[in-house]
Each structure stands twice: as C-alpha cells, then as structure tokens.
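Only one chain is given next, in structure tokens, and it is the form predicted alone.
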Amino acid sequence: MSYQLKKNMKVQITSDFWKRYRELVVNEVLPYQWSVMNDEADIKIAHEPGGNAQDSKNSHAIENLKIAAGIKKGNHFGYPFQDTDVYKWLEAAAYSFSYHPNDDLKKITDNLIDLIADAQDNDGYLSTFFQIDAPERKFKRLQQSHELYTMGHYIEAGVAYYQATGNQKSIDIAIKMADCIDHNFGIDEGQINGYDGHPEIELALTRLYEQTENEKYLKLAHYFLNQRGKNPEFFEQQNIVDGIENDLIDGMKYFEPKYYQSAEPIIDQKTADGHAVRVVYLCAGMANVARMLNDMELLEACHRFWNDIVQKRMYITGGIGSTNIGEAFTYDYDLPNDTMYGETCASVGMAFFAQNMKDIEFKGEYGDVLEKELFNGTLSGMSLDGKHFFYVNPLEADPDITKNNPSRSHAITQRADWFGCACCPSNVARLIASVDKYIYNVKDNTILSDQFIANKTIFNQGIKIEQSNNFPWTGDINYKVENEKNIDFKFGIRIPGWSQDKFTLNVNGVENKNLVDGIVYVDITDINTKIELKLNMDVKLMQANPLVKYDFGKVSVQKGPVVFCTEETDNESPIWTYQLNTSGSITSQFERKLLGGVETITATAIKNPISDTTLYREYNKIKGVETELKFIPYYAWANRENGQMQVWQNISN
C-alpha cells in the first residue's frame, strides 16, 4: 500500500510563501549561481574560516570540469570538493523542472551532463582535483580528499536529473561512479578497507539503490557505515604513507578521529561530536540504511544522535555547530550566540536527517525539527534577492565586533556574494526546489501530512488531498480529501509542539484531539472528507534550559514556527540595552511591503540610557525609559542596513 500510494505522487505547491521562494530559485538563484560558477559574475568572494578564497573574483568550478574533460588546459583551482558546487546546483535545477519547466535551462543542464560525462574517467572515477593535479594520490588521503563526498553529490544529482528528465546519461554517470567506488572499497584483497573523511556517499548510495534496485549499492552504503571507526588510526595511517605534511587542506590532519566520527564504531558512539555537517550527513544516510535493511543497531544509533542534538546541542533556530574551530559541535548545552557557527549546510543536513527519520517512524518531533529548519535555520542562509548568502548564522551580531574582533570575524553581518568554500548557496537552492518532497510521508496504509505548506496532491490510488492555508502567518489549516475509489486509509496530521497546548481539529464537523506521538490520525472511509485545523498562533516568549548559560535570564520571541529577532534598523542601538517587559503588551501585524511581506511583533520594553563613558562604577539601579521593541523574522535579518541583531533578549525585573 505504501509504495502504491507514493508511486507517481504529484505535488503542486500553492503556498504563497513557498511559491515565492521556489520561483526565486528558478528566476534568480539558478541563473546567478550558474554565472558565478562560470566566472562570468561581477562578484567578490568572501573570506571565511574553512573557506578562504585564493582568488577573490572567480569560482572556476566549471573550468575545472572543462580541464578534466580535455577541453581546456591548466591546473585545478579551489578546494578538492569544488565540483560539488556544480552538482548541487544541477540537483536544484532538476527539482525545479517539476514545477517550472524551462527549455533554456534544460539545454544548459543537458550540456552540463555531457561535460561531466566527458570529464569522467573510463573506470568511473571523477574528482577533478585529482584527475588534473594529483592522479597518483587518488584515494590516498581520504581524511581530506572528499573524493567519495564529491562523487556522492553527483550521484544524488544524477538520480534527481534522471527522474526529472529521463536523461539516461545522467544516471549512467552515477552508476559508473558507484561501480568504481564498489571496485576500490571493501574487505577483499587489493581493496581499501576504509571510508571518506566527510560522510555523504552513504546517503547517495541509498538514493541510487532506490532508483536502480541494485542491492550492491545498498550493501556498499552499509559497509561504509559499519566500517567507520573500526580502525580509528585509518586516516593517520594513510596520511603517513601519503606524506604526513602533504596536506590537501591546511590543518585537517590535526583534528582528532572523533571530529570525523571515526574514533569508534558508529553503533558505539553516544554523542554527536565533530564537524556538524559531517554528523548530520552521516545520520541522514544511516537512517536510510537502517530503514532499508531493518538494521536495529543503526536505528538505535540514529536515535542517540538525534536526541543528543535536538535536546542538548541545537539552537532555537535549528542551527547546529557551536564553534568556528572546525565548524563543530562542542559539548552539551554549550550554545553561545555570538561566537557560534550554525553553518547553513548543517541546517540543510538536519532537514535531511529529520525527513529520513520520518520515513522510518511517524513521530511529530521529526516534523517539528524539519519545520524549524525550513522556516529559520536554512532560509536565513539566503537573502531575499537570492544572490547573497550566509555561511555562518549567528543569533547575535554586531558589525563593529565582526570588523574589529578577530575571534568574531566569522559571524559576518551582511550576506556575501559567494564563498571560496561555496557549499551553502547551492545546498539551500536544492532544498527549496525540492520542498514539495517534505510535505507528506507514506507508511503502510497511512498518509502523514507533516508540513503545513499549501498544496494540491494526487496520489497513485486516485486519492486527492488539497491543503489550504496562509502559513506561517496564520494557523488556519484546511484539508479536502477526495477518495473516489473509497479506499480505507489513515490520514495523519502533525500537531506542532508549539501548538499542542491549544488547537482544535474537526473532521466533517466532529472534533478529534487524540494525539499519538504528536500526530492526530483520521480514518478516511468516505469519498469526501473535510478537515479543519486551528493552531495556536499566539506570540510566545521562549526560554532555554538553565544549563545554557548564555541564555539564562533571557527570552526569545516566537510565533508559530518562526523565530523573531531585533535589528538595529528598527531599534535604536545598542540593542542589548533593551529589557523586554515579559508582562507587558505584545502585538503582531502583517506588513505586506516589508521584507517581501512578513509578520512583525511589537513588545513593550525598557531602554536603559548610557549616561557617561565611565567604564566601571559602583552599582546603582538605572531608571530606564519605557519604549517598544520591534521584531522581524530571524530568516529575514540583514536584508536592509548593516547593523546589530539579537535573538535572545534581556528581560526587566
């Protein structure tokens, strides 16, 4: 039943909010990123820790492929994983064809597939850095090489492109890559008994398996997961043979094995440690393999990682990664707001992890985190014009501090044109372009409506579901379920954690509030069913666990799934001198002409005056002036004047 319902499922997004973003991807984001990767855009490539550009004007990503294909001559430029910028862009373009067919774009992408095929070695290998500049070092320094990570990103793109267009060459490239990896890795004599320093191939292989139904790809993904950490010295042993000082990326050899999730076998790891993106990419692939092979040990590992991240290491916006040193997790409840990293790619990866966990088991907590990422942690990574991007997403920022304090310089306060390490821009694009895939999950005879994104969807058994709403600004969610063949099935609706204290749900006028793991289930037996859901859209003041010392005695403001912040544009600086009155008036309104149309919140507060320049003095209670604080959605900050921003607010006594 599950497969039959999902097969050929067609989703048409009607949400005004998401239609704007998806059209932005087609009309602005994809053309802009293509011009950047072809070195045709007039841009400045930003410096950021982990992505330091040698050339401040060019990407060279397409040029590298042309050199590898023999069309151009020269050396490779950029990081060993530079190719992945192209592959994630291609994947985003593939998804866009489902809602915005574009013949001109398809000509570009078809030609790009031809270029990639020409660049691929006869044995299926494709990583342009090693093909151009270091062929003798293929698979010799996996801690840093990103070879499997790079090919994994193409495999994902190749599968998506084949599904969107039927282009046989796109899937053939992916199959040749996977066969090359399968030939070179394993426990047999002559094979490499190891894995990539950056997980990704595991997720990619599961998607290739789903498309081809060739079990060797699933077995290979399972091998990489099980092998990881069995020999914690694997990377160091390779580095010694390759030349210990012969780094591909400066400084990467100094990180301990747990940074690469390789200090011990995955099934024994208790906490989410190391590079945040690596962790969630690993978990997304692990969840798929656990589901496909019914591997309970891997599923239990997924639960441990999930609980540690969500309950102890995640920001209120969904951001993860507490330090710029290694873009990594640190320890439980260590969630600083101004020195944090919160890489955009980490939020995208967390969305993947949540989605894949939903495919295993229907629990509202997975949809809650996915929703948090969609409306906060990922969208903040791209400007409203689609041409500027954040790599780091702080919850507190000040342009003067960024400029003058080297330890805070990674937390830029204006989005950049591009990055030397440009993993984030195309990652956001592919998530937005594929957001239709995140609305429903199907398991056995149950359809779960997980995300409140207005849509019209046709399932394979003739079941039609129309969801209408003005989410995230209002909480009225309406469904029409047409079941012409009168098939008996269950329809689940996630009730967000932020609304479980107050909601109503009526099915053909009859109330149903029976929550099971954050979900209300409805038995669909009639040809036509009408469901009305009202969510609690009151403005809420949120507080962190007292163990998060950075937020102790502070509150953040949230309405529905959207986290709000204050900006200097709306509030006289310095904005940290305000104290929000927790018992005062809090109102909200929709401002159609502001920031593309957003809800804003106004709250009463106390503004503490700065009376003199004395650095320290004996305590004397300052009498503040009553005023108002204005809040905008966090995802929309830094789209106006450069200035201070703050999510967590001081409160008045």
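Nothing here was measured: the structure is a model prediction, and the numbers come from that model. Start at 1 with the first residue shown and count on from there.
This protein has a second form, the form predicted together with a further copy of the same chain, left out of what is shown; the following refers to that one.
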(message) Using a 4.5 Å heavy atom cut-off, which residue among 310, 218, 481, 442 comes into contact with a further copy of the same chain in the predicted bound form?
(response) 310
(request) Select from the listed residues 405, 237, 504, 168 the one whose heavy atoms reach within 4.5 Å of a further copy of the same chain in the predicted bound form. (result) 405
(message) Just to confirm the contact call: exactly one of 471-479, 184-192, 151-159, 319-327 touches a further copy of the same chain in the predicted bound form at a 4.5 Å heavy atom cutoff, so which is it?
(response) 319-327
(message) Even though the partner isn't displayed, in the predicted bound form is residue 99 close enough to a further copy of the same chain, meaning a heavy atom within 4.5 Å?
(response) no
(request) Indicate whether residue 107 is a 4.5 Å heavy atom neighbour of a further copy of the same chain in the predicted bound form. (result) no
(request) Give a yes/no on whether residue 617 approaches a further copy of the same chain to within 4.5 Å in the predicted bound form, heavy atoms considered. (result) yes
(request) Mark residue 546 yes when one of its heavy atoms lies within 4.5 Å of a heavy atom of a further copy of the same chain in the predicted bound form, and no otherwise. (result) yes
(request) Any residue of 192-220 with a heavy atom within 4.5 Å of a further copy of the same chain in the predicted bound form counts; write them all down in order. (result) none
